[in-house]
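This text opens with one protein chain seen in two forms, each one given by itself as structure tokens under the names structure 1 and structure 2.
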Structure 1
Amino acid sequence: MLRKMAFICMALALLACPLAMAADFPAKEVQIIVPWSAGGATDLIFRALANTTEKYLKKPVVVVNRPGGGGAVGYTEGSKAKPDGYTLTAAVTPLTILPHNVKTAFTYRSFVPIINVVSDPSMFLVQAKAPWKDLKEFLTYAKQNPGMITVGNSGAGGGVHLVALAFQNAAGVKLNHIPFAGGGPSVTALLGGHINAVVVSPPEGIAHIKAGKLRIIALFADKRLSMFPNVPTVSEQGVPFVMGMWRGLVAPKGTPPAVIKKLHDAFQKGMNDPAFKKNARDMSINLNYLGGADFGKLIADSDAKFGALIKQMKKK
């Protein structure tokens, strides 16, 4: 009887631990792992969101950059973090791409979805002085000079790299893909004239477009960007192709549901904060709130879609 009572007490104590953790959460700063270098789209978005969420979470929210392996370094660290809610990871489309390309220590199932923040189209940028004035001229040159147009991306096997590969297949051209440690470094390389084009998603490059230094040569959206209404989509220019990036937050598998809810509620308030909404408009990003359940469905659907696409592309 004593042994049974001891076992019951231990079981109740274990059940009470997550509840106690949630009641005290957060007791210290929360960090967000961004698996790319500073200055890229994911970094800029989550730094802005961290700033507005702090007052609702009542603790500092800190972004830490862990670039490498097209996102694999950061996702591996995030998946192995203690599931206590203090280490989150910026979940972006490559989370559902990398495990299909190379062997990884994680899949999307290694995480618990918290909230989706952004869904943005991808695009090709070139220097404003580039010889191609529109997509037709760009593709004509690419067909006449296969492999000669260098296109930067935020990491081999990552989301925008796959977007570029899928687009070149849809357009019937061959491009030379150059990986960088993030969207920021790839845009810097384009500005310096080291590559011919770069594939990114807003807000990467937006400030340089406004300044007249860069130009959108291809927009992979289903509709035009409100900030650049005169830039047609590639579908309008004869290539039926739409693809982009989603960006949200996830926690390590095993994080208590009550902690996930506290995080979700705080970041949702951060998203709705007027200061963040203004930043989103300034960066020309498309806010797309999804709660944990719907974000989880989006991630699972993305994994299935990109898994099939990668399998198809490997056969070619």
Structure 2
Amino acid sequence: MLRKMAFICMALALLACPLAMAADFPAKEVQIIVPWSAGGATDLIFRALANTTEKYLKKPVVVVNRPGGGGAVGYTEGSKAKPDGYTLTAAVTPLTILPHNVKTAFTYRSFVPIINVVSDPSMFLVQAKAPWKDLKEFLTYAKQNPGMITVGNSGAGGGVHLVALAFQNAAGVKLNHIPFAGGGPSVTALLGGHINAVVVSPPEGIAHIKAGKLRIIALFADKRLSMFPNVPTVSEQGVPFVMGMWRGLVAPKGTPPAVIKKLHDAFQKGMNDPAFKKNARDMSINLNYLGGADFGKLIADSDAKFGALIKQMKKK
């Protein structure tokens, strides 16, 4: 009898636990795992967001860098964290690429989406003095000379590399893709004239476009960039194609929905804070709020697209 009662008490206590937890959440600091080194674009964005969200969450928000394996180390740790809402992970496009490329202990299904913060369209840049005046000339040349145009990307199997592969499928051309160790080196190689084009996402290359050294020849956005209103998107020019990089926050699977909602509301307020908006504008990143459900759809959609692309890439 005593044992039975003890069992019931324990069961009740266990049941009550998540409820009580949601009510007084957060009781301590919240960590965001960034699976890249300090100082990169993702790191900077989430450090700035953590800074403005603290006052709405009323507890410190701390960014922890867990670099390695192109993000695999950070995502593994993030997916294995206790699902109590105190350990979040910065979810960026590679989350939906890595599991297709190498054997990983996680997929996007290991996480629950909280909020999307940034969506940056990808684009092709060429030197300002390049012979192609517009997308049409670029594609015509590419069709006549298959595999001759060299396009640098920021890393093999990385986000923009796959965007470039997807675009060549959509446009029906063949390009020569050269991987570099990051966006910086690829833009340097274009500036030096060692390659013909690069595929990047803002803020990479923006300074050189403004200085008139590089120009955008293909913009994969659904609308024109506010910074360069004269540059048409590729969809406007007859190639319906929109693709880019997203950055948001996720929690380990099993985190109570009430906790997710609290986190979402606090980070949404942090996103709307004027200080964060100014930071984002200064860094030329494109804020794009999506709630948990929409963000989840975006991730699943991106995972399907990249999965198919990688399958096609590996076949060759």
Partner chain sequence: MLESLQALAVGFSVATTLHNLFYCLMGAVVGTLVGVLPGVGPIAGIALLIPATYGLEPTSAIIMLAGIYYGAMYGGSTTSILLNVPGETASVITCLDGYQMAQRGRAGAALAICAIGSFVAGTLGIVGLSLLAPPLAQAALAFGPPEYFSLMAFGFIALSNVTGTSLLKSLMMAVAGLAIGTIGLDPVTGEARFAYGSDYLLGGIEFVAVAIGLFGIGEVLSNVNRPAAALEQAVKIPRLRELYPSGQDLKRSAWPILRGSGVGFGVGLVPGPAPVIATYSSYMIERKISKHPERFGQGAIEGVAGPESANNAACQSAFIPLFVLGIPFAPPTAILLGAFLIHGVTPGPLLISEHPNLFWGVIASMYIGNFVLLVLNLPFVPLFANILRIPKKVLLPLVIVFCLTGMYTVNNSVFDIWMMILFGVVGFLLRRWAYEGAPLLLALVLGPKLEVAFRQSLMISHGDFGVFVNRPVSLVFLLAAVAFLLLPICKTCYRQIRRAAAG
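Whichever C-alpha set is largest while still superposing within 1.5 Å between the two forms counts as the rigid core. Please note that residue numbering is based on structure 1, beginning with 1 at the start of its sequence. All values derive from a computational prediction rather than experimental measurement.
S.K.: Name the structure that matches the description of the form predicted in complex with the partner chain.
M.R.: Structure 2, which is the form predicted in complex with the partner chain, differs in this respect from structure 1.
S.K.: After core superposition, I'd like to know whether residue 113 moves between structures 1 and 2 (criterion: C-alpha shift of 2 angstroms or more).
M.R.: No; that C-alpha moves by less than 2 Å between structures 1 and 2.
S.K.: Core-aligned, does residue 84 move its Cα 2 Å or more between structures 1 and 2?
M.R.: No; residue 84 is a residue whose C-alpha shifts by less than 2 Å between structures 1 and 2 when the cores are overlaid.
S.K.: What turn in degrees does the smaller rigid part make against its larger partner between structures 1 and 2?
M.R.: Value for the rigid-body rotation reads 29 degrees.
S.K.: Keeping the rigid core fixed, work out how far the Cα of residue 201 travels between structures 1 and 2, to one decimal in Å.
M.R.: Residue 201 is displaced by 3.6 Å at its C-alpha.
S.K.: If the rigid core is lined up, how many Å does the C-alpha atom of residue 172 shift between structures 1 and 2?
M.R.: Comparing the two forms, residue 172 shifts 11.0 Å at C-alpha.
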